[in-house]
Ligand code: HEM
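Taking the form predicted alone, here's one chain by itself in structure tokens.
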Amino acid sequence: MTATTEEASATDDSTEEAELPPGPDGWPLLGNTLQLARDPVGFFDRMASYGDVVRYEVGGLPFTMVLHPAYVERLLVTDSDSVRKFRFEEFGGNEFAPDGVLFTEGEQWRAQRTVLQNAFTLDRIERYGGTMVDVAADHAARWGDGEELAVNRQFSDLTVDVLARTLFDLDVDGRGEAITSVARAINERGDPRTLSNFFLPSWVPTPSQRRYDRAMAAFEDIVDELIEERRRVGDLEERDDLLSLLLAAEEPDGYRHSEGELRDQLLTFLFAGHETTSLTLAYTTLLLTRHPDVLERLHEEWDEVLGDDDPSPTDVPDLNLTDRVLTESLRLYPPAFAVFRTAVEDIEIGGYLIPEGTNVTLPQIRLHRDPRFYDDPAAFRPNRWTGGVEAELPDYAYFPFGGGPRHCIGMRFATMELKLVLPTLLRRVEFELLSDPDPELSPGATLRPADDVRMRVRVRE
């Protein structure tokens, strides 16, 4: 069933007469596991042929995919209490930062979110702007003219450095490799294309699980070192960074982070805070090498707005084409490619029943490319975001940062970073694409390219 917006907005409190949604046939025990493993991104497109609410089964667990913006809004906003975060350890996966804000629930989550929001106010983020630009300029200066780079890895190093110096007021000092290594290990374990990686429980010592265990142990050691270093320095109340805030903060109701929560918050932000931004830089750069006309117009905008200077937060509102380019990049390649939830009660949506305990998939990668909402959806067209298109687009036809009360807390930080780092880099260097211009995608914890995105760098005169 394909619903209109009006139909999708209608709800029925009763689930008694609702039936299970349609979906593909599967194998006994395996369900649709093999179909997902063969082509994870294409799997979302095939599910859409069954309608806007589709059931399937993976790894012995029931899933329902929701493919209409109004249904997504209902689950993330209107009736967000009817679902909880999907727990990957229940799927046989590794438990990652369970006491971090990404996975906590209820009062614990609300108390954490209140504390963390103080680190992401607009004025605080704007104070980080100069550091973001300085880090980007420093990394660009390290690249030799004619050097061949895996830009996805270079941008990962860069965004770790930004995160460490801004949110944590630290120099990673050679420890960045441990952070980027754990990101690769998490994605490898979460890649459904390799059945042994994705579906075997975490206690099975596969090569990928052993790599994950080693990377995570090194990562956790660094987090513990960073916390101890900051405690030794002291003067926590005088500092302006997230780590000091977490160590010093105590809410009026007496809530403060436990040792486990503190550690898991750093694990969460060091991973999620750099990974999604680095991927957006990689995909945006790749798209611009394929569309030199757009890159030329960007340089014209930067020359007009910035002159000979690097960008600053006060310039960001005037970088209109830069904003459209990044918006379009996030549409085509949302790093967090799907939101996963689990129903905590029976839910009726679109006339269909999602039984309690069913896992719910809300795939940005599919909705962002839905031809009902986007003309020529596979094309990179930054100017589609002009002429009031956003006002006409249904809410949640575009949601790269999630939505509702659990939307990405670092959204403003990430968008500021992207709008400052992109011109800082591309006014210093040019990139020649050496890899496949249409890379195979590897959806694990994030939407990574299956292979490194390789480019040759040229220093601009």
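Numbers for residues come from their place in the sequence shown, where the first is 1. Note that the structure is predicted; figures quoted are calculated from it, not measured.
Another form, the form predicted together with the named molecule, is not on view; read the next lines as being about it.
**Q** Taking the partner as it appears in the predicted complex, which of 431-439, 407-415, 390-398, 52-60 has residues with heavy atoms within 4.5 Å of the named molecule?
**A** It is the stretch 407-415.
**Q** Under a 4.5 angstroms heavy atom criterion, identify the one residue in 284, 244, 268, 359 near the named molecule in the predicted complex.
**A** In short, 268.
**Q** So which of 136, 151, 272, 367 reaches within 4.5 angstroms of the named molecule in the predicted complex, heavy atom to heavy atom?
**A** By the 4.5 Å heavy-atom cutoff, the listed residue in contact is 272.
**Q** Is residue 423 close enough to touch the named molecule in the predicted complex, meaning at least one heavy atom pair within 4.5 Å?
**A** Flag for residue 423 set to no.
**Q** Does at least one non-hydrogen atom of residue 402 fall within 4.5 angstroms of the named molecule in the predicted complex?
**A** Within the cut-off, so yes.
**Q** With heavy atoms only and a cut-off of 4.5 Å, decide whether residue 305 touches the named molecule in the predicted complex.
**A** Residue 305: no, not in contact with the named molecule in the predicted complex.
**Q** Using heavy atoms and a 4.5 Å limit, would one call residue 341 a contact residue for the named molecule in the predicted complex?
**A** Yes, residue 341 lies within 4.5 Å of the named molecule in the predicted complex.
**Q** Within 4.5 Å of the named molecule in the predicted complex, do we find a heavy atom from each of 113, 167 and 330?
**A** Result yes, every residue of the spot touches the named molecule.
**Q** Pull the contact list for 109-126: residues with a heavy atom within 4.5 Å of the named molecule in the predicted complex, in sequence order.
**A** 109, 113, 120, in sequence order.
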